[in-house]
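This document opens with one chain alone, in C-alpha cells, the form predicted on its own.
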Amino acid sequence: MGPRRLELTLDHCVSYPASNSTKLCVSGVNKTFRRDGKSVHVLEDIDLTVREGEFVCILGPSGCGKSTLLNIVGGFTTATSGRVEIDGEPVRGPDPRRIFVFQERGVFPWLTVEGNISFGLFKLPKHERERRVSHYVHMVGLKGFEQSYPHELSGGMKQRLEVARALAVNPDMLFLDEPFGALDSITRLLMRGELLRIWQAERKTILFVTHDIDESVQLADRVVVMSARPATIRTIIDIDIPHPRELSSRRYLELRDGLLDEIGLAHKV
C-alpha cells in the first residue's frame, strides 16, 4: 500500500463511518509569527483528519513546525488562518480532556510517584482516586515505587510516570511532543513498547511528534510527513503492519525506506 494523501477543503472535513468516527479535523491551517519585525511563515495550508482511537505520528525535520501544529491543535496557540475542530467543535484554547506529554519531563520533583499521578484527581472521591492511581501505577510498571520521588527514578521511569499522570485524568486525546528524545536508545525502544501497550489497552487518540523515522514506523497507524519550513504535508502513509512489529521484516523496511525517500534521505544513510 503506497502513500495516501487525505484531501480536505476549508469547508468540509473527511467523514468516516460511525465505528471510525472523526476525532480531529484540521482544515487549511496557516501560521505566521512576527520576529524582529519580520514575518516567519511556519505552516502552510495544513489539512489533516484523525480518527477516534488512532495513533498518528507527525514526522518532519527539526524546526519545520511540527510542535507548532501540535500547539495549535491543543489550543496553546492560534492559527493565523484555517480551522481546527475536535469532536466537531472549534478548538478555542487548552482543554483538560486533552493532555500534553513533553520531552522536558513535567513531573513534580516534590511529589512521590503516587502524588504525581493523583495530582489532577483532587475532585474525585478518595476511594476512586486511590483506585485510579493503583491502576496506572500497575499499567506503566511502577508497582513498588509508589512512595519514590522523581530523583530516585531512572529516565525511563520518569517518562512512564508522566504518561501515567496524563492517562490518570482520563483524557480524550494525548499529544506527545518528542517525549523520548532525551532518552538513550535502549530506553527509547522500551518506552515505545510501553506506550504501545498502554495505547492498545486504553485506545486513546494520540498525536505523536517525532523526527525519528524508525519511531514513526514502529508506533503509528499513519505517518504524516511534513516538509521543511514553511511546512506543508508532503504525504500521509499508512503503516499496514500489525503490532507487535518485526523491525527486520520486509514490509517494515519497505515502509522505512519509503519514508527516507520521501524526506530525501534514501541515498544518504
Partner chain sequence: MRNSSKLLPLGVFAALTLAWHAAVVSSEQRLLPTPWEVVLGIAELAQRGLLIKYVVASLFRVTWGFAVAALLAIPFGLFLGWYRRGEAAVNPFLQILRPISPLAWIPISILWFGVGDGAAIYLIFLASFLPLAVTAMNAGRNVLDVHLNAGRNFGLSQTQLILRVLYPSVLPQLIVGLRITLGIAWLVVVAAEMIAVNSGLGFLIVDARNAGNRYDLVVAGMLMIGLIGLLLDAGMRSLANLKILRWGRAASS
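Positions refer to the first chain, counted from 1. Computed from a predicted structure; not experimentally measured.
Here the subject shifts to the form predicted in complex with its partner chain, a form of this protein not shown in this document.
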Fill in the blank from the handout: Given 195-203, 160-168, 181-189, 84-92, the stretch touching its partner chain in the predicted bound form at heavy atoms within 4.5 Å is 160-168
Exercise for the section: Using the partner position in the predicted bound form, report whether residue 99 sits within 4.5 Å of its partner chain, counting heavy atoms only. Expected result: yes
Handout entry: residue 109, heavy atom within 4.5 angstroms of its partner chain in the predicted bound form
Key = yes
Handout entry: Contact flag, residue 119 vs its partner chain in the predicted bound form, heavy atom cut 4.5 Å
Key = yes
Practice task
Verify the contact flag for residue 138: yes if a non-hydrogen atom of it lies within 4.5 Å of a non-hydrogen atom of its partner chain in the predicted bound form, no if not.
Solution key: no
Exercise for the section: Scan 184-218 and write down, in order along the chain, each residue with a heavy atom lying within 4.5 Å of its partner chain in the predicted bound form. Expected result: none
